[in-house]
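Presented below, as C-alpha coordinates, is a lone chain in the form predicted alone.
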(Lines give C-alpha, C1' and ligand atoms only; values in the text may rest on other atoms or scores of the structure.)
Protein backbone atom coordinates (compact mmCIF):
# COMPACT_ATOMS: atom_id res chain seq x y z
CA UNK A 1 0.00 0.00 0.00
CA UNK A 2 1.33 3.41 -0.94
CA UNK A 3 0.96 6.63 1.02
CA UNK A 4 -1.76 7.83 -1.39
CA UNK A 5 -3.68 4.57 -1.00
CA UNK A 6 -3.38 4.83 2.79
CA UNK A 7 -4.75 8.38 2.71
CA UNK A 8 -7.64 7.25 0.49
CA UNK A 9 -8.55 4.35 2.83
CA UNK A 10 -8.42 6.47 5.99
CA UNK A 11 -10.39 9.32 4.39
CA UNK A 12 -13.02 6.87 3.19
CA UNK A 13 -13.22 5.09 6.56
CA UNK A 14 -13.57 8.31 8.56
CA UNK A 15 -15.59 10.30 6.04
CA UNK A 16 -13.02 13.10 6.04
CA UNK A 17 -11.57 15.07 3.12
CA UNK A 18 -8.36 13.57 1.69
CA UNK A 19 -6.46 16.84 2.22
CA UNK A 20 -7.26 16.79 5.93
CA UNK A 21 -6.14 13.17 6.28
CA UNK A 22 -2.97 13.94 4.30
CA UNK A 23 -2.14 16.81 6.70
CA UNK A 24 -2.68 14.52 9.69
CA UNK A 25 -0.48 11.81 8.20
CA UNK A 26 2.27 14.33 7.37
CA UNK A 27 2.16 15.66 10.94
CA UNK A 28 2.29 12.11 12.35
CA UNK A 29 5.32 11.26 10.21
CA UNK A 30 7.17 14.48 11.06
CA UNK A 31 6.44 14.02 14.78
CA UNK A 32 7.88 10.49 14.70
CA UNK A 33 10.92 11.70 12.72
CA UNK A 34 11.58 14.58 15.11
CA UNK A 35 11.25 12.32 18.15
CA UNK A 36 13.70 9.81 16.69
CA UNK A 37 16.09 12.63 15.78
CA UNK A 38 16.01 13.64 19.47
CA UNK A 39 16.81 10.00 20.42
CA UNK A 40 13.32 9.46 21.86
CA UNK A 41 11.46 6.17 21.62
CA UNK A 42 8.01 6.30 19.98
CA UNK A 43 5.52 3.61 21.06
CA UNK A 44 2.16 3.20 19.35
CA UNK A 45 -0.14 0.74 21.12
CA UNK A 46 -1.36 -1.96 18.75
CA UNK A 47 1.38 -1.19 16.23
CA UNK A 48 4.86 -1.19 17.72
CA UNK A 49 7.85 0.87 18.75
CA UNK A 50 10.22 3.06 16.77
CA UNK A 51 13.72 3.41 18.25
CA UNK A 52 17.15 4.64 17.19
CA UNK A 53 19.96 2.08 17.37
CA UNK A 54 23.67 2.83 17.40
CA UNK A 55 25.64 0.77 14.90
CA UNK A 56 29.32 0.34 15.72
CA UNK A 57 32.11 1.10 13.28
CA UNK A 58 33.26 -2.03 11.47
CA UNK A 59 35.40 -3.32 8.68
CA UNK A 60 33.48 -4.68 5.70
CA UNK A 61 34.65 -6.30 2.51
CA UNK A 62 33.84 -5.13 -1.01
CA UNK A 63 32.46 -8.31 -2.64
CA UNK A 64 33.62 -7.25 -6.10
CA UNK A 65 37.25 -6.48 -5.30
CA UNK A 66 37.74 -8.22 -1.95
CA UNK A 67 39.15 -4.96 -0.59
CA UNK A 68 38.54 -4.10 3.10
CA UNK A 69 36.51 -0.98 3.70
CA UNK A 70 36.06 0.94 6.96
CA UNK A 71 32.36 1.52 7.69
CA UNK A 72 31.87 4.36 10.21
CA UNK A 73 29.59 4.19 13.25
CA UNK A 74 26.09 5.48 12.62
CA UNK A 75 22.59 5.72 14.02
CA UNK A 76 19.76 3.85 12.30
CA UNK A 77 15.99 3.76 12.88
CA UNK A 78 14.48 0.45 13.91
CA UNK A 79 10.87 -0.69 14.20
CA UNK A 80 9.84 -3.40 16.65
CA UNK A 81 6.32 -4.68 15.97
CA UNK A 82 4.02 -4.96 18.97
CA UNK A 83 2.40 -8.15 20.21
CA UNK A 84 -1.00 -7.27 18.72
CA UNK A 85 0.47 -6.63 15.24
CA UNK A 86 2.38 -9.91 15.37
CA UNK A 87 -0.80 -11.79 16.32
CA UNK A 88 -2.80 -10.16 13.50
CA UNK A 89 -0.17 -11.13 10.94
CA UNK A 90 -0.01 -14.73 12.19
CA UNK A 91 -3.82 -15.16 12.02
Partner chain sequence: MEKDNPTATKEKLAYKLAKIGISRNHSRQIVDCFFTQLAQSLRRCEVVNLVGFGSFHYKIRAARKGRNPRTGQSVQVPAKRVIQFRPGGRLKSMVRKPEAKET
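Computed from a predicted model, the values in this text were never measured in an experiment. Positions refer to the first chain, counted from 1.
A second form of this protein, the form predicted together with its partner chain, is not displayed here; the remarks below concern that form.
J.: Even though the partner isn't displayed, in the predicted complex is residue 61 close enough to its partner chain, meaning a heavy atom within 4.5 Å?
T.: Because no heavy atom of residue 61 falls inside 4.5 Å of its partner chain in the predicted complex, the answer is no.
J.: Should residue 75 be counted as a contact of its partner chain in the predicted complex, where contact means heavy atoms within 4.5 Å?
T.: Yes, residue 75 sits close enough to its partner chain in the predicted complex that at least one of its heavy atoms falls within 4.5 Å.
J.: Is residue 16 near its partner chain? Define near as a heavy atom within 4.5 Å, in the predicted complex.
T.: Close contact exists here: in the predicted complex, residue 16 approaches its partner chain to within 4.5 Å, heavy atoms only.
J.: Using a 4.5 angstroms cut-off on non-hydrogen atoms, would residue 9 count as touching its partner chain in the predicted complex?
T.: Contact check for residue 9: yes, within 4.5 Å of its partner chain in the predicted complex.
J.: Out of 1-40, which residues reach within 4.5 Å of its partner chain in the predicted complex, heavy atoms considered?
T.: Sequence-ordered list: 1, 2, 3, 6, 9, 10, 14, 16, 21, 23, 24, 25, 27, 28, 29, 31, 32, 33, 34, 35, 36, 37, 38, 39, 40.
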